[in-house]
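Next up: a single chain in structure tokens, the form predicted alone.
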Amino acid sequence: MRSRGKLYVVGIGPGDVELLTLKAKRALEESEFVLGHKTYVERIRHIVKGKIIESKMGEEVERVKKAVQLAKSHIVSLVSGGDPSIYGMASLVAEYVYSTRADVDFEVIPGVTALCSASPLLGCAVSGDHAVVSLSDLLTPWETVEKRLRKALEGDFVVVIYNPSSRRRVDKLVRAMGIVLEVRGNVPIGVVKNATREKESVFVTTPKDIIEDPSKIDMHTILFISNSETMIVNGKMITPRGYSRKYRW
């Protein structure tokens, strides 16, 4: 009789294999099956020793069902880009397992999320309090997205925007930048495309510039909207944490 299996929900980080955690690497190496979107699987294919099962965007629920079923008697890894809890697969796995009372042991292995890899490329865009908002309205009504974005901007957080645009959502990006202009003005916005991956691009722009040419922003981009203290120094985006108010240099 086969021993009980295990399901790992593995965050594989932003793309650079050197940013994969040791625990994530061990889970992938010991897994008999590894499931994931083909884009993410390709990044860790050289590590995997078991069987790889690829799927496409929009097949997340079926992917989770398959992973849970296999994990009843096998060691399984379900991979998620970045961190599984940040717009990743962790919540779907937990919701499915708990709602169906599936008899499976699962563990979420954290990964380096896009925010943590992209902020240092700009300098230090995030240093303390911040808010993260996704502009994707695939699972969240756009009215809710707008409300959350506006409240975050009004709170003077550095606002980090995931999933800012796609070929079908350019109008939503333009509307979001209009809200930034309304609440914050034409403030600096840090842009990181393909963080730690091929064709990486890092620059600072403004909401007006994005509205004039939204084509420079896509789904592989993350945006950092500066707060009232953020500075641009030698082309770098730096948000002070407050040490200068307490100490003398």
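Computed from a predicted model, the values in this text were never measured in an experiment. In this text, residue numbers run from 1 along the sequence as written.
Omitted from view is the form predicted together with a small molecule, to which the following refers.
Contact annotation: the small molecule lies within 4.5 Å of heavy atoms from the stretch 159-167 in the predicted complex, the single such stretch among 159-167, 146-154, 93-101, 69-77. Of the heavy atoms in H220, some are within 4.5 Å of the small molecule in the predicted complex. For I109, no non-hydrogen atom is located within 4.5 Å of the small molecule in the predicted complex, even though that partner is not displayed.
Residue contact with the small molecule in the predicted complex: S119 places no heavy atom within 4.5 Å of it. The small molecule in the predicted complex comes within 4.5 Å of no heavy atom belonging to V174. Just one of L35, I44, A195, I189 comes within 4.5 Å of the small molecule in the predicted complex, counting any heavy atom, and that one is A195.
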